[in-house]
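In the form predicted on its own, a lone chain appears below as structure tokens.
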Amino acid sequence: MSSRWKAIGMLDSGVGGLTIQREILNHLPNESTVYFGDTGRAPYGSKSMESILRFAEEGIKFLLNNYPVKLVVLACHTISAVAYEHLKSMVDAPLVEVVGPTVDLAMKATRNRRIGVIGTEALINSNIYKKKLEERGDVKVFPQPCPLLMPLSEEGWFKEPETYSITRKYVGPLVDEGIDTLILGCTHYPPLIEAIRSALPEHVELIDPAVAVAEETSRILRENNMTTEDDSPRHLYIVTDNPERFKRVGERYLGRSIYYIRLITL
């Protein structure tokens, strides 16, 4: 990718952020992207805050130091929750995180002001959604860590009976609390949407952040005159382990072929 391409950078702990990239490419089909997935150290959701901060800093420095990145999307709820403020203070490029746009959607959707959040242990322990939602209004927030859903998603177990039963186990207590809105607080969860939906009453609104993040990315690029109209955009994927698995799982998440993968060591 030569310097004449100005790309959208994407930072993730692994492969889940491709569900966000998929929506960004739908909104901005002429933009090139450089996606960094730290597959060698994933998942971040079970790591300490110190490790997440260090890994995220190393990843964003690699992106900005090696590629002509004009904006970085933190395509991971855990990175957004734990490291956004830290990363914002150390880079000049615009950053798009996941939490803020998702909170906006949830606040617009809820009617009874009872909102559930499912996500990784690190995301739930950060209390970021509870804090941000309560700052926006008088709401009750019900968080639920779901550590088994991410590996089920990566294995492609989208419709297996085990996935449905585990999902019901996680989501059931939130239904008992009377939520009318549920935030998908992990980028691995959209492929499990049928299993999650089956565990919920019909009136509960599901909040998938991908559309909101894509719209925010588009807005920032337009307002800063940074959009690109390239007839042949390029998409490069950088991983820290097992590019074959990234390609296999990633194409399922992305809904298109992945051609250019670079394996690196940080």
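Numbering starts at 1 and runs along the sequence shown. Owing to the predicted nature of the structure, the values given are computational and were not obtained by experimental measurement.
One more form of this protein exists, namely the form predicted in complex with ligand DGL; it is left out here, but the text below deals with it.
You can rule out all but one of 88-96, 74-82, 156-164, 137-145: in the model of the complex, only 74-82 has residues with a heavy atom within 4.5 Å of ligand DGL. Looking at Q21, you'd find every heavy atom of it more than 4.5 angstroms from ligand DGL in the model of the complex. Ligand DGL is not shown here, but in the model of the complex it comes within 4.5 Å of a heavy atom of G185. A residue is said to contact a partner when one of its heavy atoms sits within 4.5 Å of a partner heavy atom; Y44 meets this definition for ligand DGL in the model of the complex.
Among heavy atoms of T120, some come within 4.5 Å of ligand DGL in the model of the complex.
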